[in-house]
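Take a look at this single chain, the form predicted on its own, given in structure tokens.
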């Protein structure tokens, strides 16, 4: 008689990249559908992971489904490579997959990010995975998810336009900060994750693939390469990013890059680059070290470089 131990497979520990093959296959299929229908929220069976929902499980599942031994991974949390969330996710992914890691956005093949897009322009072949806490851009105007689905099906976004109109009437400008609603491929309205307005134009006709995954809400959607992504705006009042004209990084002197404001006890403020990987490269260059710094989305004059040419600044003009 055969013994149970003889029939059982040898203990191999976890599956490669932690999740089982069926889960990864399902996620990759959902990603393909999301790429085929830009901006459409595709439901998927969000798996249990050794981190709590709301701490990046959506982005983590997408990354674990795509990662391989040849992957070069960069994980950032609000621009920082060394934050607790970024360090823990990076450690877990590399432990489960054996992939290489980097803090250089130009060297990475997969960039998993919470709330930021790197300052340097990403290239073809790179994948940006954005963690999304709330994928539904209409939730602020419609709490019923079924009604939201009908509104997306009909491309009925009038209530969102009304919200922006009320902001202009009351405050004379758009006050929507992170997760600024954007129209993908002229069809679906998305929440581009809680990235600041500063990063929203970077999605428009970007060369890289962007995957946005919400583990708690069990939704995944995508922005394929070279796809139109346009923030909602009225023709006579254009969309503008955060006003940081007078801010400069205290370590490198860099300007027209997204900054963290650090209030001081005397009432003043210090400013530092949010993208720590880019900041370290600037510091290394100032020290005379050989380092490759890519072209950034915003140049030193505030002009926005995109689609092969410089565009007028999306930063408010002086007095605007």
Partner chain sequence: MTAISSPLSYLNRVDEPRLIGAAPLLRVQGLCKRYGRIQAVQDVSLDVYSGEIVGIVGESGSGKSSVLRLLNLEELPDEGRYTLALPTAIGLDGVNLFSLDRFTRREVQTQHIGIVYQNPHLGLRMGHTSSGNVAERLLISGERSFHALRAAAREALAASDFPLDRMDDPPRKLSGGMQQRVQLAKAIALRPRLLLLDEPTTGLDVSVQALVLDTLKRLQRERRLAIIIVSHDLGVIRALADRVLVMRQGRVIEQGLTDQVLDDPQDAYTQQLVHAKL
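Residue numbers count along the first chain shown, from 1. The shown structure was predicted, so the numbers you read here are calculated from the model rather than taken from an experiment.
Keep in mind that the form predicted in complex with the partner chain is missing from the display, and what follows is about it.
By the criterion of a heavy atom within 4.5 Å, residue 250 is excluded from the residues contacting the partner chain in the predicted bound form.
Using a 4.5 Å cutoff between non-hydrogen atoms, residue 246 does not count as a contact of the partner chain in the predicted bound form.
Not displayed here, the partner chain is approached by residue 168 to within 4.5 Å at the level of heavy atoms in the predicted bound form. Within 4.5 Å of any heavy atom of the partner chain in the predicted bound form lies no heavy atom of residue 106. Shown here without the partner chain, the chain has 234, 235, 236, 237 in 218 to 241 lying with a heavy atom within 4.5 Å of that partner in the predicted bound form.
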